[in-house]
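So this first bit is one chain, no partners, the form predicted on its own, shown in C-alpha cells.
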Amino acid sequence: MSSESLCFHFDVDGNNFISAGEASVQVKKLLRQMGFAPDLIRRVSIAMYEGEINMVIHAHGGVADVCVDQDVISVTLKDEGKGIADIELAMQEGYSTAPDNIRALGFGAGMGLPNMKRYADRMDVESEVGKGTKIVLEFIVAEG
C-alpha cells in the first residue's frame, strides 16, 4: 500500500436498527480486499459497529469517517446527539442510558464505549451535552 491514506465516508441512519452496522460491514470488506490481518479487521469492525449502534440509540445517527494507511487505521465517529454528560461513567461496563424499549431489542447493555476502548489501540472521546459527540479510534497496523 502506498504512503497515502485512503479515506471513506459513511452516513449512519439514526432511525433504523436494521441498517445499523452497514458501515462497519463495508469497512470489513474493504480492509479484507486490501489484505489486512483478520484480527485487525475484526477489532476495527467490532469497535466501529459499537459506535454505529450508539449513534442510532443516542443521537439519531451521525457520520463515520475511516482513513487507512500503511501504519494506522483511523475511525472518526461524529454525531449531533444529546452528548455524554459523564464520559468516565459512560466508560464503565454495564452503564447505560438507553431507554427500556431499546434494551428490549437487545441493545443498550452498556458495553459500547468499553468495547470500543478494548478493541482500539487508542480512543479519544469529546462530547458536549446538547451538542454531540466525537470519538476517534486508532488501530495500529502490525508489520507482517
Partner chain sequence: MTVSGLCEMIGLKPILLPQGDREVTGGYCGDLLSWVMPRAQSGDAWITIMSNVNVAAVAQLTDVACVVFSEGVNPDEETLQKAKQHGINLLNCDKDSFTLCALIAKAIE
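Given the structure is predicted, the values throughout are model-derived calculations rather than measurements. Positions refer to the first chain, counted from 1.
Same protein, other form: the form predicted in complex with its partner chain, not shown, and the subject of what follows.
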{"item": "Residues 69, 74 and 139 all lining its partner chain in the model of the complex, heavy atom within 4.5 Å", "value": "no"}
{"item": "Of 90, 40, 59, 46, the one that lies within 4.5 Å of its partner chain in the model of the complex (heavy atoms)", "value": "46"}
{"item": "Touches its partner chain in the model of the complex: residue 107 (any heavy atom, 4.5 Å)", "value": "yes"}
{"item": "In the model of the complex, residue 25 touching its partner chain (heavy atom, 4.5 Å)", "value": "yes"}
{"item": "Partner proximity in the model of the complex: residue 17 to its partner chain, non-hydrogen atom cutoff 4.5 Å", "value": "yes"}
{"item": "Residue 64: touches its partner chain in the model of the complex, heavy atom cutoff 4.5 angstroms", "value": "no"}
